[in-house]
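In structure tokens, the next block holds one chain alone, the form predicted alone.
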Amino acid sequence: MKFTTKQEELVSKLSIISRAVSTRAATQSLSGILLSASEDGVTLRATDLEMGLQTGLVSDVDGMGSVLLPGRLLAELTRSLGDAVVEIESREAERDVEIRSGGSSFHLRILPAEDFPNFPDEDDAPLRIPAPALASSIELVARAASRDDMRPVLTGVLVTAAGEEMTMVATDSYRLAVKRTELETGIGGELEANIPARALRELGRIVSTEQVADVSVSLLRNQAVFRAGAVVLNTRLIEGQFPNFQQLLPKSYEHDVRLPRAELLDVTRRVSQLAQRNAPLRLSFAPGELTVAASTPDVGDAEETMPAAFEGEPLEIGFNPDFFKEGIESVEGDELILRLISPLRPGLLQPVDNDDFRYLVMPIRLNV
């Protein structure tokens, strides 16, 4: 195998692929990046068995073949090269690869490629989702997925799409995010899958980098394959019954409080600095105003009052400060609505003019 490419191109593609390199797998091959040169060009692949990434590399191929190289080291090494052109050539007798750039020369030992997994094929007629809609929905919803592997079904995002509508749902049992999106065109079929949030966040990052019009989706028996431009991402699907999110959303609320989004976010950020050691963020509503407060013993306390279109008997409710702040960040528009029932029932954040996005957050019981 022998090919020549630009250092900038190699660094760019390795920065994408290396995100699928395993850092803790017992199988050595999963710590590597597979470089394959053929008549069609050079392909880079990496996988940790949960997620795989593949992309092409613009290059001039002088010899075909494939090698598996240490992924992290290869990415770091190429970033350090000082010349614009890089030449990579395998040396079978030495069982290594020579990397030449300007006056620099490096030799990397080849990893055993026998255990490197095969990548799934894409469908001949995949589903297609507009890239901007997909990326924006992922950004709003994926943060609400659980990071606790003890409940794997909650570490994913339930994605359903049919016709010209797509819905994404994620919950960690303490908060719930739901985003419904009207698509400009039909996706060409139906989609329903619980996709790992990590893989979707990576897909969103790729979509913003590749600047593609749409993303193709191939659903296999237990995997999904996404193509965004030159980059292909495959991920396992999460098995198990995802919670019925419609049952988690209250049917009615006692208070709908309209609030300026930017001001509420600024106040929340300031006051939350004093909500340490799992201390709650206190929201105290009285006619015409909202007081946001936090207190941590041996650290200090904070309090700030802002106008609020609240009517009725005073109400005080506590939330996890990070969860509440992320909910405010996720709602688009100059204003938002905070819907409340009681101090022990969840609160809902949503835009003023529609319910296409809803962010439900569980309260924290306050000590009087």
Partner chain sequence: MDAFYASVELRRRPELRGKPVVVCGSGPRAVVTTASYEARKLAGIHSAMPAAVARRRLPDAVYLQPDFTVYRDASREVMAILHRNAETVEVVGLDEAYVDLTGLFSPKATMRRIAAEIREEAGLGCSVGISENRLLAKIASELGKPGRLAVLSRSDALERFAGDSPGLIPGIGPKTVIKLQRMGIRTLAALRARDPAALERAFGPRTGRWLHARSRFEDDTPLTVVREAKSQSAETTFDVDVSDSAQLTASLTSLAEELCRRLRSRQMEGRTIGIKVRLDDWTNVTRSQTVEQPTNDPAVVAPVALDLLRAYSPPRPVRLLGVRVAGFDRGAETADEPEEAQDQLQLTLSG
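Positions refer to the first chain, counted from 1. All figures in this text were calculated on a predicted structure; none of them were measured in a lab.
Separately, the form predicted together with the partner chain exists; it is not shown, and the next lines address it.
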For this session: Flag T43 as yes or no: does it have a non-hydrogen atom within 4.5 angstroms of any non-hydrogen atom of the partner chain in the predicted bound form?
Result: no
Exercise. How about T171: is it within 4.5 Å of the partner chain in the predicted bound form, going by heavy atoms?
Worked result: yes
Exercise. Should N118 be classed as touching the partner chain in the predicted bound form when contacts are defined as heavy atoms within 4.5 Å?
Worked result: no
For this session: Using the partner position in the predicted bound form, report whether F310 sits within 4.5 Å of the partner chain, counting heavy atoms only.
Result: no
Exercise. Out of D148, E182, D266, D123, which one falls within 4.5 Å of the partner chain in the predicted bound form, going by heavy atoms?
Worked result: D148
Seminar exercise, completed: Interface check vs the partner chain in the predicted bound form: of N320, S36, S31, S59, the one with a heavy atom inside 4.5 Å is N320
Exercise. Which of these stretches, 107 to 115, 246 to 254, 83 to 91, 210 to 218, has heavy atoms within 4.5 Å of the partner chain in the predicted bound form?
Worked result: 246 to 254
For this session: Pull the contact list for 276 to 307: residues with a heavy atom within 4.5 Å of the partner chain in the predicted bound form, in sequence order.
Result: N278, P297, D298
